[in-house]
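Take a look at this single chain, the form predicted alone, given in structure tokens.
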Amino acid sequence: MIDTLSYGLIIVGIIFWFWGTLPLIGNRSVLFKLHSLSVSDTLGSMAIVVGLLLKIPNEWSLLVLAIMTLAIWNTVLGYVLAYCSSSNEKIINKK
């Protein structure tokens, strides 16, 4: 039962990864693409790590640290990239 749930979470995580990549092909704004990519990447990575947590519970401390790091790092990186993107648009519009 635990193995099935673990593999299910890993598969859901991989689906989230691909689901976030699909909007990159569209004609939306850079910020929309960045937002969808970062949210789905974070959720997918967290689902994979939770699946690994169920698979190897002896390593719970490292895997919980990985989940917290993913949540903080991806959120901060998204804000930094959005800020850089918006300030780049301001520079382009001034020219």
Partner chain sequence: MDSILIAMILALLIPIYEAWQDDDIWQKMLAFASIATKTSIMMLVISVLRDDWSIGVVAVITLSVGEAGLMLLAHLIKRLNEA
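All values derive from a computational prediction rather than experimental measurement. Only the largest set of C-alpha atoms that superpose within 1.5 Å between the two forms is called the rigid core. Residue numbers count along the first chain shown, from 1.
Same protein, other form: the form predicted in complex with the partner chain, not shown, and the subject of what follows.
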Legend entry - 4.5 angstroms heavy atom contact with the partner chain in the predicted complex for Leu62: yes
Inset, instruction - Examine Ile56 and determine whether its closest non-hydrogen atom to the partner chain in the predicted complex is within 4.5 angstroms. - result: yes
Inset, instruction - Answer for Val30 alone: is it within 4.5 Å of the partner chain in the predicted complex, judged on heavy atom distances? - result: yes
Legend entry - Neighbours of the partner chain in the predicted complex among 71-86 [non-hydrogen atom within 4.5 angstroms]: Trp73, Asn74, Val76, Leu77, Val80, Leu81, Tyr83, Cys84, Ser85
Legend entry - Flag for Lys55, CA shift 2 Å or larger between this form and the one not shown after aligning core: no
Inset, instruction - Would you say whether Ile25 is displaced between this form and the one not shown, judging by a C-alpha shift of 2 Å or more on the superposed rigid core? - result: yes
